[in-house]
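Before any questions on binding or motion, here is one chain by itself as structure tokens, the form predicted alone.
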Amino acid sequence: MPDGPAFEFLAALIASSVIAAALLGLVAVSGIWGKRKITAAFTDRIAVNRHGPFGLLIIVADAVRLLSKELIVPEGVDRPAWDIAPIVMAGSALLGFAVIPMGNGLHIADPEVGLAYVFAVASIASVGLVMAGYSSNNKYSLLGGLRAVAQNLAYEIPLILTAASVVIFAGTLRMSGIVEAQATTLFSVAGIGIPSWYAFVNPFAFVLFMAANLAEVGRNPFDIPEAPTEIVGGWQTEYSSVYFVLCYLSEFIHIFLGGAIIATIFLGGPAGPVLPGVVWFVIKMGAVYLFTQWARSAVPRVRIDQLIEIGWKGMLVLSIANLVLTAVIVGITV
């Protein structure tokens, strides 16, 4: 087979294009059609059912509707920052998938610091939120941007500390190494082996990470940066047409990136019986997506002061306690 830097670059480009296309297709189905259907099921409604079989053609209708709308640029915006912000937010989430193992050998890269890389590129979205908020020349947008920064700071630290407890168990930051560390059997019940997924090994850390992830992706009760009943639409108030599509797209890509991280570090990644690994990975990622939509429909929004207090006084303390306890347990057992 051909070898060399040029071939590796071409292979990486093709692989990244395929993964990006698959993700965008998944986001289109889940964000436009699935979100409506899931919310309708929770609120005893029917949702879309007129456009094609099961209403699936609403995806095409909405895409044409949004992309054909006029792009309205308000007076006084900081145009370069206002233009770049949606691209920064969507791009940061797509970059995170570069090191996620989606199947046996199915990942673009597998660096030693894979988990640190994912958190680093995902946090770039906070910069995009700030850019969108201050550049829009709108007080509601500015408030949404400031709320987003305050929320991300309050919950990203507990998120990383909780992930660090998984690193202590696995002994590596490499994403494939974390998956391999969960490949053994934890214990058996009636002849059925329970895998040593870190969701079973350390369920407290799993719950903490799931809660912090809700805050990072802006789902109830932590959708404060957008809060339509208080600040219209927050940081994205002044965006329309293709820019609004990018903002909406970035929101759902980040939800799936959060699901991909949870599937990888707590649910064994692509591991599973009978079905191919990539199918199990999508199922696990989809389960996290369903949880976020359940939270959106069932959990009431908290106030901004309550949100910050939960993050700094609750989640941070619990994540530090979990990290210390994990270190003690691993130190005693090794």
Partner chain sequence: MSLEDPTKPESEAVVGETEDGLDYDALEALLGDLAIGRETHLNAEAFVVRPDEVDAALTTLRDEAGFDHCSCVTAQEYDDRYESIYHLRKYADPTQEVGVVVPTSRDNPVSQSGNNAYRTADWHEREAYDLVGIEYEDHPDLKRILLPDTWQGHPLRSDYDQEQPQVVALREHANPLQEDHRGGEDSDTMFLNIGPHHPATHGVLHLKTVLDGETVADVESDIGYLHRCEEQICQQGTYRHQIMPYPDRWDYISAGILNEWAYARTAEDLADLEVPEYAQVIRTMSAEMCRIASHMLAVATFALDVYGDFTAIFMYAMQDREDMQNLLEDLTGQRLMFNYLRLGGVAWDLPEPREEFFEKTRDLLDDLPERLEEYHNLITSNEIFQMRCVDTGVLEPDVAKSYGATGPVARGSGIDYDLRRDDPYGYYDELDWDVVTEEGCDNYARVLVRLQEVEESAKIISQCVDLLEDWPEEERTIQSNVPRTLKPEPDKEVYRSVEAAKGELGIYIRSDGTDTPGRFKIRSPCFSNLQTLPEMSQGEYIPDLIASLGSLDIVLGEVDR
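Everything numeric here is computed off the predicted structure, so don't read it as measured data. Residue numbers count along the first chain shown, from 1.
There is also a form predicted in complex with the partner chain; it is not shown, and the following applies to it.
Peer 1: Checking a candidate spot here: are 135, 151 and 312 all in contact with the partner chain in the predicted bound form (at least one heavy atom each within 4.5 Å)?
Peer 2: The answer is no: none of the three residues contacts the partner (heavy atom, 4.5 Å cut-off).
Peer 1: Counting only non-hydrogen atoms, choose the one of 230-238, 244-252, 177-185, 153-161 that falls within 4.5 Å of the partner chain in the predicted bound form.
Peer 2: This holds for exactly one stretch, 230-238.
Peer 1: Heavy atom within 4.5 Å of the partner chain in the predicted bound form: which of 302, 61, 290, 56?
Peer 2: None of the others qualify; the residue that does is 302.
Peer 1: Can residue 68 be called a contact residue for the partner chain in the predicted bound form at 4.5 Å between heavy atoms?
Peer 2: The answer is no: residue 68 has no heavy atom within 4.5 Å of the partner chain.
Peer 1: With a 4.5 Å heavy atom cut-off, would you call residue 88 a contact of the partner chain in the predicted bound form?
Peer 2: Because no heavy atom of residue 88 falls inside 4.5 Å of the partner chain in the predicted bound form, the answer is no.
Peer 1: Using the partner position in the predicted bound form, report whether residue 140 sits within 4.5 Å of the partner chain, counting heavy atoms only.
Peer 2: Yes, residue 140 is a contact residue.
Peer 1: So in the predicted bound form, does any heavy atom of residue 220 sit within 4.5 Å of the partner chain?
Peer 2: Yes, residue 220 is a contact residue.
Peer 1: Could you run down 42-62 and flag each residue that has a heavy atom within 4.5 Å of the partner chain in the predicted bound form?
Peer 2: The stretch 42-62, when checked against the partner chain in the predicted bound form, contributes 42, 43, 44, 45 at the 4.5 Å heavy-atom cut-off.
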